[in-house]
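Starting off, we have a lone chain in the form predicted on its own, written out as structure tokens.
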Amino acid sequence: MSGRSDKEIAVIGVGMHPWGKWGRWFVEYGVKAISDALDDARLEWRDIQFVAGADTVRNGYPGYVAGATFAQAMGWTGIPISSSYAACASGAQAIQSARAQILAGFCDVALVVGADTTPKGFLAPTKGERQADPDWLRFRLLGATNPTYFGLYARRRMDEFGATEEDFARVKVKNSRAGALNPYARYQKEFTLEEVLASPVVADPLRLLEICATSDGGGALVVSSLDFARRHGVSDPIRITGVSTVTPEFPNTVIEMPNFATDSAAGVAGPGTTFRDSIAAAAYEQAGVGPDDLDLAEVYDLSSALELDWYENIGLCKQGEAERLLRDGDTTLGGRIPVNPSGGLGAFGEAVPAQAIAQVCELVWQLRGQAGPRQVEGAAVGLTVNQGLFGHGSSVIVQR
């Protein structure tokens, strides 16, 4: 292949249903996001040549076949579809599916969509007895909900790098300022450090306001070949230049949810790069850029403490330096490298199959200069990073 442009696709439309607890069928959220994305792209539904759906396991059979569900909801047109499930990385898998179709020449323009309706309380395994399923086992044997893992990761950060409870609260304060400026966020409220630290402890040392909620929501993208975008009047399209969907290497010596033990490195040396470090690294390699080229990033803040880990995993700083980056204001709006200018999951909550798509929506708005009061000045290169249960990496690099 000559150069990198033959590996790129354009994003010509983005759409989102606001996050919240709406109590409606998830398809409604997806259809709203699709309609907005089509309007943004100035296309009709019949112009779409492929649909890539990101699946949800909480909404019955229609959730397991999201590509077909949304194609039917919009009106059957005979086009090919795909449906992808990779937990929180499902949206990235769907983006990759559409990207592959376009780059292979099977279609010129595709739709990517994900939406979810979630129950109250913790995200839990689907019902039934599955004694070989570690996700089922960690709930039944250990009572280890997702926040239990978040708390363990946070405690490890405190022990290894000297992070404090105030640092975790500062992340929440930072992201709440951005979320208060985002009309799609569920929580459009700015919190003070004192309010965060006064909220109840859920999984020591993490407090209620430092852990993301479960939410309803939806997101959609219209993606195309660069030639299609230019033929339709987008002379300088926003481009996806890298998509990483990597998995861990054996032995995986860092605990990952939902497992409750690591692989042993007694007989085989561990990989040179940990799983989380490898996620963004693969996207950087595809795009031909590095951490120093980034203007902003959207990272997977299941807890405010986890955001600090991602600073290091995506190369914004060396291991153990994330707290300094935060304290110096580098990652806030107006800082050197704003992280989660959307407000992140702390402001949105989890609508699982839509999350990685929503991250890309935010980057597109930022790179177009359409982010309003949360705009990152001069944004030209952005990265998303995400992680799905059972070893699904997710990172997308977007450039203008």
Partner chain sequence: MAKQRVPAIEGWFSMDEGRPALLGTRCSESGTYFFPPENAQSRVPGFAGSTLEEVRLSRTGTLWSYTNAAYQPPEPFVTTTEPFEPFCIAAVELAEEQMVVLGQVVAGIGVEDLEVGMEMELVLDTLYEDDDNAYVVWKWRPSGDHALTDQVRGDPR
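Model, not experiment: these values are computed from the prediction. Residue numbers count along the first chain shown, from 1.
Here the subject shifts to the form predicted in complex with its partner chain, a form of this protein not shown in this document.
- Shown alone here, Gly329 lies farther than 4.5 Å from its partner chain in the predicted complex, counting heavy atoms only.
- Within this chain, Gly320 is remote from the site of its partner chain in the predicted complex, having no heavy atom within 4.5 Å.
- Contact annotation: Ser264 falls within 4.5 Å of its partner chain in the predicted complex, judged by heavy atom distances.
- Using a 4.5 angstroms limit between non-hydrogen atoms, Gln72 is distant from its partner chain in the predicted complex.
- Checked against its partner chain in the predicted complex, the residues Val202, Ala100, Val234, Leu197 give one hit for a heavy atom within 4.5 Å, which is Val202.
- Note on contacts: among Gln188, Asn259, Thr247, Thr273, the single residue with a heavy atom within 4.5 Å of its partner chain in the predicted complex is Asn259.
- Only one listed stretch (148-156, 299-307, 161-169, 320-328) carries heavy atoms within 4.5 Å of its partner chain in the predicted complex, and that stretch is 148-156.
- For the partner-free chain shown, Gln131, Trp136, Leu137, Phe139, Arg140, Leu141, Leu142, Gly143, Ala144 of 128-144 come within 4.5 angstroms of its partner chain in the predicted complex, judged by any non-hydrogen atom.
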